[in-house]
Ligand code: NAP
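Only one chain is included here, represented as structure tokens and corresponding to the form predicted on its own.
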Amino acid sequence: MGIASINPTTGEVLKTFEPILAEELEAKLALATETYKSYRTTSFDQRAQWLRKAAELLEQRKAELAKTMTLEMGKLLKIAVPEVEKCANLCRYYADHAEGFLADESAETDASRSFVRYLPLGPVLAVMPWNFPLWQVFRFAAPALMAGNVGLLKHASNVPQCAIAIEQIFCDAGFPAGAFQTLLIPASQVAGVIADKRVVAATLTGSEAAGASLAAAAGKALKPTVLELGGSDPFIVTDSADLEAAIATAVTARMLNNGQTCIAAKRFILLESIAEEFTKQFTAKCAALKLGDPMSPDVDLGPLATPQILNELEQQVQACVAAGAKLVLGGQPAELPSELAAGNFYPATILSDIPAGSAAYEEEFFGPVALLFTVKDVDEAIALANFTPFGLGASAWTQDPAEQERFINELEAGAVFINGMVKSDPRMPFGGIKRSGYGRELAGPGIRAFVNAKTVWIK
């Protein structure tokens, strides 16, 4: 069965790729292993030179790469270009800081000299998602390559052209053949790759089910993993908040990337005193969003990535309404031009008065659906925020220092943003707790995720 690149805006099949054969996969694994033997001995300066060249190529090709992302998964072109630029900045960040992050760390012991040295592990498999086709890959690849590892990419099946373009960037930047390779294989072959003794570790960004499957395979093979999974991030607004700023940010925080973001604000938890005004203004702003062709600069919402995602989101919304939730906005198929009729479009949707026990309390809504909850006080807000099985990010809006401290300390999440939208930044660790995964990407912890922290004792 082929790996198809399908335009979610029109339903058109753009290109179909045949999965690599068993002998081709074997050749790629052998090449990765052989390349690692010499690549691990290259200097930080040499790796940084190649990575800076990759950054240059990203910027030179950003228009082409952005268009490919938009065609394959429906991302607005106007946010696809900044994604490429963010990848370039990430490459430069690790080119500048990797050596410092992995410098020897001295320790005072009974030895004449003792220290920790960070050394690479070998070929690392990355199973990556479609929603940020470049960013998700580069935030793994840049630190992994700077640490002296080599990368193997199993990208999402609906973005094969992005996967191929990424490998080409590293190749054209001068990295040795085998330092970074794309594997066009189905998900069913991932466990076999992890089981291969030449692959030393794995990382995955994706669904809970995919993460559990990869972790099980890696656990059986006793190999380390980093998982970044789903999220149902709370966006808490208190009565001391800058309401205008909170509402403006809330629209972006929910609708960015057509609502298909793990760290999107999904549950809006509002104190009673401001709930009515927030709902009124938030609804008006969401209603004004234009749905349409993501290539168009005046469009605010494009299609969902696949028909399956669209169907699941529709079912989740209808289940909430059937359970007694109020449909404030959207929830119905949008009227679009005939050329977009086959696209996976879903309008900005808002649900409120959500009854306890409904799907909204437990599930991640991966699309442009905002869930509104009203609470009496900060205690109730924190309890509701933590009720979800997820723990990726959280945003809280308050001018009260005591409340800020409570949110920082008590919200169960890998990141808490006060008076701002949750986002990833190369300078800060990124990852979740609970069913949102484990381990960290980015900053120092990200590059140390796949290294051997070797104790050295000399007398």
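From 1 onward, residues are counted along the sequence shown. The structure displayed is predicted, hence computed values, not measured ones.
Another form, the form predicted together with the ligand, is not on view; read the next lines as being about it.
Quick check on this chain: which one of F366, F170, F278, F345 has a heavy atom within 4.5 Å of the ligand in the predicted complex? Answer to the contact question: F366.
Though the ligand is not shown, can you say which of P234, P123, P303, G231 has a heavy atom within 4.5 Å of it in the predicted complex? Going through each option in turn, the one that passes is G231.
Exercise: W130 in contact with the ligand in the predicted complex, heavy atom 4.5 Å: Yes, W130 lies within 4.5 Å of the ligand in the predicted complex.
Report yes if any heavy atom of Q181 sits within 4.5 Å of a heavy atom of the ligand in the predicted complex; otherwise report no. Heavy-atom contact with the ligand at 4.5 Å: absent for Q181.
If you check in the predicted complex, is M73 within 4.5 Å of the ligand, heavy atoms only? Heavy-atom contact with the ligand at 4.5 Å: absent for M73.
With the cut-off set at 4.5 Å between non-hydrogen atoms, does C262 touch the ligand in the predicted complex? Output for C262 is yes: heavy atoms within 4.5 Å of the ligand.
Judged by heavy atoms and a 4.5 Å cut-off, are K154, S157 and S207 together in contact with the ligand in the predicted complex? The answer is yes: all three residues contact the partner (heavy atom, 4.5 Å cut-off).
Of the listed stretches (242-250, 209-217, 288-296, 322-330), which one has a non-hydrogen atom within 4.5 Å of the ligand in the predicted complex? This holds for exactly one stretch, 209-217.
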